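There is one chain below, alone, in structure tokens, taken in the form predicted on its own.
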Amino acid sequence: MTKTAIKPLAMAACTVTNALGRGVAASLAALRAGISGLRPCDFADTNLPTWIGRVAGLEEESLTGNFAAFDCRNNRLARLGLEQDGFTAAVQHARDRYGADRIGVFMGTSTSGIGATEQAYQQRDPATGRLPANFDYQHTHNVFSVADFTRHWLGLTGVALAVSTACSSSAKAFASAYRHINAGFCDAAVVGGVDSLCLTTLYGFNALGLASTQICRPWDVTRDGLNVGEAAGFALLERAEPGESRIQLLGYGESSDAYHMTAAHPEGAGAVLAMEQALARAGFSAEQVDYINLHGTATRLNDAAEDKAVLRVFGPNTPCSSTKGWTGHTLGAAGITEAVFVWLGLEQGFMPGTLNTGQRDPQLGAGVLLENQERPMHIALSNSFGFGGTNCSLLLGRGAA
């Protein structure tokens, strides 16, 4: 390892909830067993021939009492995520150490609680078009809603913000948290992302011709689109002590293609820049990276662009895979979901394969794994690339590696 360019942040705690189940143990078990959480679309009020990654039970788990104003599918999912893996207790211990005003909240989401607006629109007054009186935009649909809910749930009063950069949102939340801690605005940070199923995303991706009628298969020669999923994930970041062995955020890279409203740059130019920046900030070379969690949406153009970018930075021999065959594309929650999967891989010495993929596209050359591998990892990269060319790469590893 070369001299570290930035001071790393330790992931003191983390949790994830998605279609595989609630908490990291459910995700790890499904990853190891090769069991997908995807199912034929059964989301309410939809009639689409696609697959989805739905979290069961949200419909029955309303927010009540002091949090009733926040009640919507997205914030229900946030609450469910915060209740797993002792995460809330870990934040409470950190609050005792640092103070409630010294822990920041940095949340990523793409559509927040837009499902509440969809429901309100369906219930509008037929004569005036007025939305129902009980519709609360501020606490549901507003992009800041999930960050506001999270800080109130955890009893935090420090800096709080929401990042909405499509599918890179919760990866970029890590970068925002790093900058705020480094600048002295906070001593620790809760970073995360929550995105929930809604008609806007399901019908929107279908209208773009990106929603597959089959279970998604990244990098496969027959791939034809993505499956939309939902997830909530959180991590507690704090300054790492020299020589400690906790998993750490070693570096991050961000870029913007500004190439197209939805499509990635066909040569992966912005993706290259994000990956190179993450390596440079951490003081690592590409040869030191043991594994890459690909953005890997299973759309033909995005996989091809990312493949070119990975080949340019890493060549064909670095093991990599997409985990979206397990969870679907969780959009604004993809960054945190896959960062936690990388954390699990580093902790367990485990590289997931690319579920559902039977035959790699011969026109793609990255070192994509089709089967799980038990292999020690020290340094790993996680890619998250969004609409409009908003790119973010996170480099994670053990500080003592």
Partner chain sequence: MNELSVESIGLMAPGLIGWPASQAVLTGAQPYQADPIPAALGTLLPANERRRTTATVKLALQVAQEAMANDFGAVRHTLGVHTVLASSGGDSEVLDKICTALTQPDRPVSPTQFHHSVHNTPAGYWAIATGYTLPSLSLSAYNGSFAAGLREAAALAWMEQARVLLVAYDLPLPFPLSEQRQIIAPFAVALLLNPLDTAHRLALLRFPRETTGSATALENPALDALRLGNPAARSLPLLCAIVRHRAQRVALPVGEGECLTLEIQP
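Computed from a predicted model, the values in this text were never measured in an experiment. Positions refer to the first chain, counted from 1.
Below, we refer to the form predicted in complex with its partner chain, which is not included among the displayed structures.
**Q** Are any of the heavy atoms in Gln373 no more than 4.5 Å from a heavy atom of its partner chain in the model of the complex?
**A** Taking the distances in the model of the complex, the answer for Gln373 is no, it never comes within 4.5 Å of its partner chain.
**Q** Is Phe314 a contact residue for its partner chain in the model of the complex, using a 4.5 Å heavy atom cut-off?
**A** It does not: once its partner chain is placed as it appears in the model of the complex, Phe314 has no heavy atom within 4.5 Å of it.
**Q** Just to confirm, Ile114 within 4.5 Å of its partner chain in the model of the complex by heavy atoms?
**A** Ile114 belongs to the contact set for its partner chain.
**Q** Whether Thr15 contacts its partner chain in the model of the complex should be assessed with a 4.5 Å heavy atom distance threshold; does it?
**A** Because no heavy atom of Thr15 falls inside 4.5 Å of its partner chain in the model of the complex, the answer is no.
**Q** Name the residue from Val221, Ala89, Leu301, Ala207 that puts a heavy atom within 4.5 Å of its partner chain in the model of the complex.
**A** Only one listed residue qualifies here, and that residue is Ala207.
**Q** Just one of Ser110, Asn293, Asn75, Thr330 has a heavy atom within 4.5 angstroms of its partner chain in the model of the complex, so which one?
**A** It is Ser110.
**Q** All three of Gln138, Leu161 and Thr200 touching its partner chain in the model of the complex at 4.5 Å, heavy atom to heavy atom?
**A** Affirmative, all three are within 4.5 Å.
**Q** If contact means a heavy atom within 4.5 Å, which one of 242-250, 319-327, 184-192, 285-293 is the stretch that engages its partner chain in the model of the complex?
**A** The contacting stretch here is 184-192.
**Q** Which of the residues spanning 367-394 lie within 4.5 Å of its partner chain in the model of the complex, based on heavy atoms?
**A** In sequence order, Phe387, Gly388, Thr390 come within 4.5 Å of the partner.
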